[in-house]
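Two forms of the same protein chain are encoded below as structure tokens; each is given separately, as structure 1 and structure 2.
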Structure 1
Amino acid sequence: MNRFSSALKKFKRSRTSVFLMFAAVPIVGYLLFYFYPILRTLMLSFTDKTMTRPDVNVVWLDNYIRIFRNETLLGKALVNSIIYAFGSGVITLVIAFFMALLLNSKVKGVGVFRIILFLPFVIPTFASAAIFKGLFDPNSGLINVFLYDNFGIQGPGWFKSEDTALLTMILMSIWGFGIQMLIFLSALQNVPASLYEAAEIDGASKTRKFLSITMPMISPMLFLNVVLVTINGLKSFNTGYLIGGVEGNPNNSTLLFPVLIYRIAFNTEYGGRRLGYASALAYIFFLVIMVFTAVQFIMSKFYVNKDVE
């Protein structure tokens, strides 16, 4: 008894106990909101659980087999998400980088341009979706009216046509390039001026300076931006949901993977909130994201300069 109480006293004064005292709530939160759901989703993915029927059967790998055999939407949603992430990501990065280079020069009034170019990022997605639906309306939107009045061209259906809806979604997402632009800009501004001065003494040309100093110096930031846009693009729910709804209108062309999971798990009209089936989809989605993240890290070995930081 004595030994126990002295051990308890010792524990109370130890770092572990103080650590526990401070971190107790997030540790409980971790178990409740991360640890349990990860296991529960895995368990659910082996069952046919729905929210509308009380009985649950263990079906083992049936969900996964059914997804790969019969789920016509799996490929569609996966391809949509990948095209969206890739298209939106690449164009956003190119524009953001180019704009950052322009903003990095010492011209007067550059602060005003920085605010203007950043502004669309501040606009919440629900608002930019509403703005772009108006702008790209096939009959009454500015774009098509402009095309018709000036060139006599009957513009495409944009969001309303199966062939162009995803592309228009990509165009819309590019509007918010401001954050990537500012990340690039801060990277450019952190390149020490002494490096450029030294190169100038050696008579280096502008292109030479750009390729041999600027690019290697900002390569870690480039990597950060590439990872951010790709993963955020794959995870993107808001844009798809706001443009095409849970149906992915028109004809599943705007259906992104997270929206597919959402509609199967939570929407009664699509088979009665099939939690089990949706859980299997969620795990497949998780694997896809893992693969993409791994590919990013492998690719980064080829263009990130290790001597920086």
Structure 2
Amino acid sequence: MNRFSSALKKFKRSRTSVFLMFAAVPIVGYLLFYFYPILRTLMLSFTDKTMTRPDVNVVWLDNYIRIFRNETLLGKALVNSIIYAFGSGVITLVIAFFMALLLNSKVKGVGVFRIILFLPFVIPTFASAAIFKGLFDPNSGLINVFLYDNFGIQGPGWFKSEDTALLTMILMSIWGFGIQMLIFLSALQNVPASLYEAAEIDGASKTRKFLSITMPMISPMLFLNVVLVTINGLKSFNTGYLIGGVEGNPNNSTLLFPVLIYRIAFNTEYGGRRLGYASALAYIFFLVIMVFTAVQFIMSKFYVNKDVE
């Protein structure tokens, strides 16, 4: 008993006990709200579970086979998500980078501009989507009204036209570039000034300093941002749901993959509430995201400077 008490007191004084006391809440939260849903979804993907029928049967790989054989919207939703992720990702990275370059300037009041440019990221997606929906409305939106009143141009159909709906969603997605901007800004501020001073002594131009110093030094953070915007773009749900609804109007042109999963899992009008089938679809999409992430890691070998400390 004395040995046990001594061991317990020693454990309480150890660093391990301090770590476990502080990490207990995050670990429990992760197990309950992340690990359990992931495991539960995987289990459901092998069943015929629905929201309306209490009995559950194990069907093993039948859901996955049916998806690849019979799901007519699988390719459409996947292509839409890839286009959306690529388009919004490129535009977001470009804007975030140039904003970071401007904010890295040593001018008076730059802190105020940093706050102003970051604020859009704080605004909920539902609120910003509602605002943009009003701006891009083909009939009464401010953009088309401005084009017609000032230039006599009949504006496009934006999100109500099959040809421009996905492009409209991409334009709306650039609203929240704040996180990427801060990551770039942090990387730019960590570039040693001595490198630029040495380059100036050697007579290097601004373009040469940018290509030979700035880009190599911030390349690890560029890679991080590329991965973030790719994953966020692929798993985007709010914009597609708010603009096209579960129907993906018009004519499935705004149907993103997460919206398709939601449509099958919860919408009764499209044969929904099939939780087992939707879970299998979610895991297929998870593998798609993993593949794109792996491709980003492979491509990083060509532009990330690993010598940056």
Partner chain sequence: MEQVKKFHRKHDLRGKIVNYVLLVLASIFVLIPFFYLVMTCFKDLNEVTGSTVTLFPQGNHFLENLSFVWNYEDYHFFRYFFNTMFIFVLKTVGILLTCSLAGYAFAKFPCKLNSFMFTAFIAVLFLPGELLNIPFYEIMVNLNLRYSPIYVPIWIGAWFGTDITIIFLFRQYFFSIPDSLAEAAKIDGANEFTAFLRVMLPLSRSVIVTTIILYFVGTYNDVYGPSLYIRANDYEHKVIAQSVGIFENLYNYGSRDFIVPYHYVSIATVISILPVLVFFFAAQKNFVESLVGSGLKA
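What you see is a predicted model; the values in this text were computed from it and never measured. Each form is matched to the other, and the largest set of C-alpha atoms that superpose within 1.5 Å is called the rigid core. For residue numbers, the reference is structure 1: its sequence is counted from 1.
Remark: structure 1 matches the stated condition (the form predicted together with the partner chain).
Relative to the superposed rigid core, Ala280 undergoes a CA displacement of at least 2 Å between structures 1 and 2. Superposition on the rigid core between structures 1 and 2 places the CA atom of Glu71 2 Å or more away from its counterpart. Put the two forms on the same core and the Cα of Ile298 is off by less than 2 Å between structures 1 and 2. Taking the core as the fixed frame between structures 1 and 2, we note the C-alpha of Phe35 moving 6.3 angstrom.
In the rigid-core superposition between structures 1 and 2, residue position Phe22 carries a C-alpha shift of 8.8 Å. In this core superposition, Thr52 moves its Cα by 4.0 Å between structures 1 and 2.
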